[in-house]
Ligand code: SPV
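The data below hold one chain only, encoded as structure tokens and taken in the form predicted on its own.
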């Protein structure tokens, strides 16, 4: 592989002189390179080769015990003016960041190899696509980037001699949490990650470039980088409508992206375009078009099963890297919530002997799989279209036991932006000792917005004014409970019934009832054929009560207060309008 970009070559040389690796290797993305790196990892123990009859092309990796998830408190937005990072991000002065962490990088790759990984976020030749070069001393990173991005020669060709690219530097360092930093320099189009080996901190094309840096680039260039799935729903008449959806963690985002229609809804098909990230631009037809910039899935393994997500289970049968799962005696993998009996013994995610009586999980709760998207049985035939797919609807979702109805439609784009800006989810027992605590996560972007979130809200509003044919905006909640704590909605594949109503609303073919929070389905407008659900449960699912929403307004206000005068006036207007509507509501 040959890089002909003078600025890129000068930067690679500068970073190599800083980190002082024994060798610099340019990655070409070939199958031969993959096999060579895997064999090296098998010899050192960085990867464990799995049973090639049962899991062909699959391997297992274990991270350091202190390095098992994204480290938000060590993730910084480094802008010259702290105001540009905003109140919801950690900020560090760029000069301080370069100096402090540059000192850590100094000589950190002695005795190691620096791999040069040119990569594309998006497909070759697409106007959406962004180019990055990641320098790393981790073979695990190279092999994961091979799955998650289009990397090697294809990216070097796209880079050419003069294309703009994101400079991404990663070093494992000592894997010491006291010396761990994930730094984003949006004004310099640069990312530095030091001291971690965990995917979310080190696969720099993912959250770092595709959301934090890309959200800032989208602000400058007039498009949107969003933490959203993209799914196509094909109705029995053969029409396909594409939907984007933003969900906080533990709300079934990947399951929805790979949904399998229930048997009672014959004639429907669901097509997966992406499970995590959407880049959205206004198309020449005046609609919003979305691409998935990734080429793989970096999914949470625990509680992924043939019941919750059969398409994911089929996807990960081959060519997959598993991280921090349990290793079984026959060199396959297991995790909690797999809906398969645990093995009598195994080696846990920490590399220690394990049995079901150990009293500790065999797999880490944030154990992962990295798998090529092309292997997904439900992958859309249009998932790599350079122009993307046209979006009919945008969903915001959360886990709310008592408040939000199953589904409701925003009155317009401005109101929909308010719905997204105030979306929240309640903590579960798996997340926190305090169950039911409401956490605000606007557009599911709170950890991933690369600049001041108040300005991000303004960008949403400005985009809406520029889209001639904007998608409709909806809110969904699969997690409503009755007073006894029983889920009222079956979820999983049955969620297609809500999507069906949403699509028919986009076509002006479904009835709705106006409430203070938005438009909810009339009972007869939902397709419930083949679903056993009582009238009482359905009433509770669609119920909108004034008092809990008045309390919600107070919680929204506390969240908005941190933005001060930067908060767009339109959101203040929407909040007041909701308050007024609730005051008149008699339901």
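Numbering follows the first chain given and starts at 1. Not measured: the values here are computed from a predicted model.
Absent from the display: the form predicted in complex with ligand SPV. The rest refers to it.
Colleague: If we take heavy atoms and a 4.5 Å cut-off, which stretch out of 454 to 462, 378 to 386, 85 to 93, 206 to 214 is in contact with ligand SPV in the predicted bound form?
Modeller: Looking at the partner contacts, the answer comes out as 206 to 214.
Colleague: Since only the chain is shown here, I'm wondering whether residue 368 would be in contact with ligand SPV in the predicted bound form (any heavy atom pair within 4.5 Å).
Modeller: Yes, residue 368 lies within 4.5 Å of ligand SPV in the predicted bound form.
Colleague: Does residue 416 reach ligand SPV in the predicted bound form, with heavy atoms at most 4.5 Å apart?
Modeller: Taking the distances in the predicted bound form, the answer for residue 416 is no, it never comes within 4.5 Å of ligand SPV.
Colleague: Although the partner isn't part of this model, could you tell me whether residue 523 comes within 4.5 Å of ligand SPV in the predicted bound form, counting any heavy atom of the residue?
Modeller: Taking the distances in the predicted bound form, the answer for residue 523 is no, it never comes within 4.5 Å of ligand SPV.
Colleague: Taking the shortest heavy atom distance, is residue 235 within 4.5 Å of ligand SPV in the predicted bound form?
Modeller: Close contact is absent here: in the predicted bound form, residue 235 is far from ligand SPV, nothing within 4.5 Å, heavy atoms only.
Colleague: Ligand SPV isn't shown here, but in the predicted bound form which of 354, 194, 448, 501 has a heavy atom within 4.5 Å of it?
Modeller: Filtering the options by heavy-atom distance leaves 448.
Colleague: Please identify the residue among 199, 261, 274, 442 with any heavy atom within 4.5 Å of ligand SPV in the predicted bound form.
Modeller: Exactly one listed residue reaches within 4.5 Å, namely 199.
Colleague: Counting only non-hydrogen atoms and a 4.5 Å cut-off, give the residues of 226 to 255 close to ligand SPV in the predicted bound form.
Modeller: Sequence-ordered list: 227, 249.
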